[in-house]
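This document starts with one chain, in the form predicted on its own, laid out as structure tokens.
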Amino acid sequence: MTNPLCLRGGRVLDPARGIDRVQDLWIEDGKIAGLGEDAPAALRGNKAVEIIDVKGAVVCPGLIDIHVHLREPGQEEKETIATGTRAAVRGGFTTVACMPNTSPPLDDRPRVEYVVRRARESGACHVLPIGAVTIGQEGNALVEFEDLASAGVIAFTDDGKPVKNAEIMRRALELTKPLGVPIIQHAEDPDLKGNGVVHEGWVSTRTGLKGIPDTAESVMVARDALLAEATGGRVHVAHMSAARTVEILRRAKERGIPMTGETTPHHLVLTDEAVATYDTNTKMNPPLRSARDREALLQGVVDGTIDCLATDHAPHTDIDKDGDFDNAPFGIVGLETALGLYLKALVEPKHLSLSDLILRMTRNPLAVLGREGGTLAAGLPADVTVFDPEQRWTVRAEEFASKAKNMPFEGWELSGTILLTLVGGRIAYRAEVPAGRA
């Protein structure tokens, strides 16, 4: 049992309930007890309550990331559930959903139960496992959806690969519809992608790097929109990167098709110009795209076409990334830089209010998964993030809790210093810098 806490004097932001005011947050028995005088009088008068001064900081529901690669089992040299979740709480995340492209993939009950057990034993935050759509992620035979869902799986994806076969995708949507969980699609036509490594455009021509056309993503999203409409099954588009994808999703929603989407920090703060240095830390899939695509993504986030914001945290070893661009693996880490990058991309340019950003990183991701939470309502688990939106910090990979350091933001100065992360009322991360101080 955790000790009772009071987070005193912070700006409480609970966008799902329309709350934005300076008030105390009270926590007891690992749950939210109330705001201000709404908390039980006995608790407010309890001298054993630990008072934490958070004046000047934002207090909000714990951040949620529905697209994280924790690499365990089988790729523990890159990341583990322990190190990945420590990185998560350092970035303000209290819940992460882990992708199934482990070794072996999460395509049967014992493997899912292993992840659930390891998360319980060594996880610093909540871990929600996502199961594979097909056995071995090979795109042929479907997994036992109901069995995996009963083991704790909250969605299905072959992320890292698309569900290429339309009939397999149709059947997957039909079978998961009664379970109320989405199919998360790594939207990519492998034939159009070919052996491409960057966005197809002027930069790929200039650098001589093989390009991936934006249509490799958008044609798969268009196909899945038709399948979702025909079956009523839910499709969630992972790591959206292309303007055409945004427009397809927008039109699908207008037609009432059950589709949602996410994008990532790197697709909002960088364009394909970043790959001109041949830095393998700029190699990601889907690739960094054009300025036009980036602007379309920003508009999609603002108008709600893109439902939520994720990281696609994809750790790799230095050895993996230390090679030529063509042969280096795709992906970058993102848990510890996400909030700062989203503030830079969306709030500082006034595309979104801070409250709107928090909504897209808390309640909305859970809604995509069909789950409750993402608020500071009394009685819910005390998953809470406290951060100073004004305090600046410098990105230094050597300070990361993640095993991996692969990202192109070294030395960037960002705002949004995470001060405190509570998971079930327990202090999972506490910064050395006191809250409210510069």
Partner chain sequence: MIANRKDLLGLEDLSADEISGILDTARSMREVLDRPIPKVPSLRGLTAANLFFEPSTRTRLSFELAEKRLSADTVNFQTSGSSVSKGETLRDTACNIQAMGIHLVVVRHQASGAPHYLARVLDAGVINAGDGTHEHPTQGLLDIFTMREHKGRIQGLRVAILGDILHSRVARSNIWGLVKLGASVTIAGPTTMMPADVERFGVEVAPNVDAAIEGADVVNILRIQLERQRAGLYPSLREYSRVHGVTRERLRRAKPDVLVMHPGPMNRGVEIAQDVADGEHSVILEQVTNGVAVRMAVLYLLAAQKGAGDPPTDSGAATGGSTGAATETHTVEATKRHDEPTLSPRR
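For clarity, every value in this text was computed on a predicted model and none was experimentally measured. Positions refer to the first chain, counted from 1.
One more form of this protein should be noted, the form predicted in complex with the partner chain, which is absent from this view; the next part is about it.
Residue 209: heavy atom within 4.5 Å of the partner chain in the model of the complex? Yes, residue 209 is a contact residue.
Looking in the model of the complex, any heavy atom of residue 167 within 4.5 Å of the partner chain? No, residue 167 stays farther than 4.5 Å from the partner chain in the model of the complex.
Contact with the partner chain in the model of the complex for residue 114, defined as at least one heavy atom pair within 4.5 Å: yes or no? Output for residue 114 is no: heavy atoms all beyond 4.5 Å of the partner chain.
Is there a heavy atom of residue 201 no more than 4.5 Å from a heavy atom of the partner chain in the model of the complex? Heavy-atom contact with the partner chain at 4.5 Å: present for residue 201.
Spell it out for me: taking the partner chain in the model of the complex, does every residue among 278, 319 and 327 have a heavy atom no farther than 4.5 Å from it? Checking in the model of the complex: 278, 319 and 327 are all within 4.5 Å of the partner chain.
Go through 106-114, 303-311, 193-201, 258-266 and give me the stretch that gets within 4.5 Å of the partner chain in the model of the complex, heavy atoms only. Checking each option against the 4.5 Å cut-off leaves 193-201.
State the residue from 349, 323, 178, 232 whose non-hydrogen atoms include one within 4.5 Å of the partner chain in the model of the complex. Only one option qualifies, and that one is 323.
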